[in-house]
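First come two forms of one protein chain, each written alone as structure tokens, so that there is a structure 1 and a structure 2.
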Structure 1
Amino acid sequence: MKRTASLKFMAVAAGLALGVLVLFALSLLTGAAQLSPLEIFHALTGHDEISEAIALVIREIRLPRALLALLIGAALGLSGAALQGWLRNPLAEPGLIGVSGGAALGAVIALYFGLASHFAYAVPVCGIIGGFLAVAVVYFLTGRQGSPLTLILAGVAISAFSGALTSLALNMSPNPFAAMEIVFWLMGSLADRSMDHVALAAPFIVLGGGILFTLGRSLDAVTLGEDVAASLGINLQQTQFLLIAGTALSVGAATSVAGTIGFVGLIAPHVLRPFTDGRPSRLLLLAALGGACLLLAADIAVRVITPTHEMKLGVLTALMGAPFFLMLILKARQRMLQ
């Protein structure tokens, strides 16, 4: 039985990894300029025969976009799986602890005060700072002995406060163009991102993801109950701190460069949970790969569905995620009534 479950897990992981590679290649192929796979390969490898214009399109426009979709999707999926395992709640997602709202508020402050006009990367830098400050406040409110319920309540409070301040910035903005820029950024998008954005976000996402991957054994133990986990030698306070830190690093950096992209951290873990044999440690890898696949596919879709006036990525993920979220609620309600 265990061998069958392990084989199923490895098969699904291999399939998702292949899906990431295929979707990454499709992302490089998708765009207004019709380019062949050979031209893309030559542009990536620095072949002398390729024109400068094609090399610019691939290296400075499509490649950063594909890399960010992969990294951000993996970060959201992994964080969602870790939070769902720790809170033992399949409806948990990365925005639950306030990091997305804090990062969004930081970026909005940079736009509101015009910092982006003086420093090109003021928006992502302020976004990262905002995410860290929000999580620091959540951790302070939760305390070292805080329970998962306290973490949820603190995260909801900070998310609501960050959302209120963001709305205040929109309401008080004296410049309608700045307000429009804030609204468009909040919708979430990977358009017009460069390799500098990748270089800024990637270290935080990789570090945060690495921290979350170390929590597999602890999350497996927590499924048996906190008392049992403690008796097995799991330091619950340390696990919660690492969970918050890993989520802050990865999701904060992701939100700072792409805006608010919701529901990926909810959908990917839930869809892939049946292939994990009930072990959160296995879900971490599958959710990271699944989140990358989901966001790569969504970013390709926004370019194909609306090529002339591109739909915002966050809008598409919300259109997919909201019905999925309602379906989960209805299923939970049916189980309660049985």
Structure 2
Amino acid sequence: MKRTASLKFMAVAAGLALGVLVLFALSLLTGAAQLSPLEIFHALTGHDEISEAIALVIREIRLPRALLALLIGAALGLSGAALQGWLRNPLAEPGLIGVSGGAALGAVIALYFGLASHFAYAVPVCGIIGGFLAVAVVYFLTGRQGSPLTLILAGVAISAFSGALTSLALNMSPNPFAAMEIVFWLMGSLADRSMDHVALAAPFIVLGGGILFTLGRSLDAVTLGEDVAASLGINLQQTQFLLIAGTALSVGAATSVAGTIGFVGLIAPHVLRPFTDGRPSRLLLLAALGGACLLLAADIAVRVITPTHEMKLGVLTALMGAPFFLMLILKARQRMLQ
């Protein structure tokens, strides 16, 4: 029984990894200009026969976009899985509990008040600080013992507050474009992102993700109860700090280059939980891969569905996420009736 569960987990993980590869390749193939797979391959491998213009399009426009979708999707899925495991709350998700909102506010402050023109890394750093503050506030308002309801209430409050301040900061800007950019920060997008953005966000996403992956054993132990976990040598206080830091680092950096992208951290862990044999450590890997698949697919879809006027990524993830949310509610109601 245990063996088949492990096999099932490994098969799903391999399938998702393959999915990430395929979607990554599809993402490179998707764009305003029709380019053949061979041209793309040549552009990536630095083949002589490829024209400079095509090489530029692939290497500097499509590659960073695919890389960011992969990294950000993984960060969102992973942090969603970690938060849900630790808080034992199925609704814990970076977007819903306000981490993304806080991070967007931090990034907006760094960008529009001119910090970024002195120091490029001010944007992800402020995004991380904003995310950290938001998750810390929500966490200390509700704690691990809090009900799902209080967590969501605190998250909604923090999200609304940070969203309002983000809009306010952009509305007050003397620049006529700033107000239009509220949509980007609240709905997220990967359009026209570059290798510069990969360089800004990737180190923090990898660091934060790495921290979250180390928590697998602690999260597994916590499912047995806090006393058992403590007797197994798990330092709960430390785990708690690492969880907040890892989430803030990965989601904060992701949000500071792509805006707020909701629901990925909710959908990916839920869909993949049945294949983990109830072990959060396994869910971490699956949710990271699943989140990457989801965001890569969503980012391909926005380019295919609305090629001339790209819709925002957050619009699509919300369209996918809202029905999912309703399904969770129906499930919860059924459980109550039983």
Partner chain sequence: MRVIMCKIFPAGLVRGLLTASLLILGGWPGVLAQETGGAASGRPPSLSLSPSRIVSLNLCTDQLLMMLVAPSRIAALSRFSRQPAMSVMARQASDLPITSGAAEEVFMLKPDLILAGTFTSRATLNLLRRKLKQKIIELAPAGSFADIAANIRRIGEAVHEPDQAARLIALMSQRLKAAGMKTTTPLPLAALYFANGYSSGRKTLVDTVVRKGGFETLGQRLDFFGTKKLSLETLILSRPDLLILGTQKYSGEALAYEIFRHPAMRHLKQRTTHIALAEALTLCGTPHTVRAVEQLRQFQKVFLSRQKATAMGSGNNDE
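For residue numbers, the reference is structure 1: its sequence is counted from 1. These figures come from a predicted structure and were not determined experimentally. For clarity, a rigid core is taken as the largest C-alpha set superposing within 1.5 Å between two forms.
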Report summary line: Block containing the form predicted together with its partner chain is structure 2
**Report entry** Rigid hinge motion between the two structures - rotation in whole degrees
**Finding:** 25
Query - residue 158 CA shift between the two structures in angstrom, with the core used for superposition - result: 4.1
Requested in this report: After lining up the core, report the Cα displacement of residue 128 between the two structures in Å, one decimal place.
Outcome: 3.8
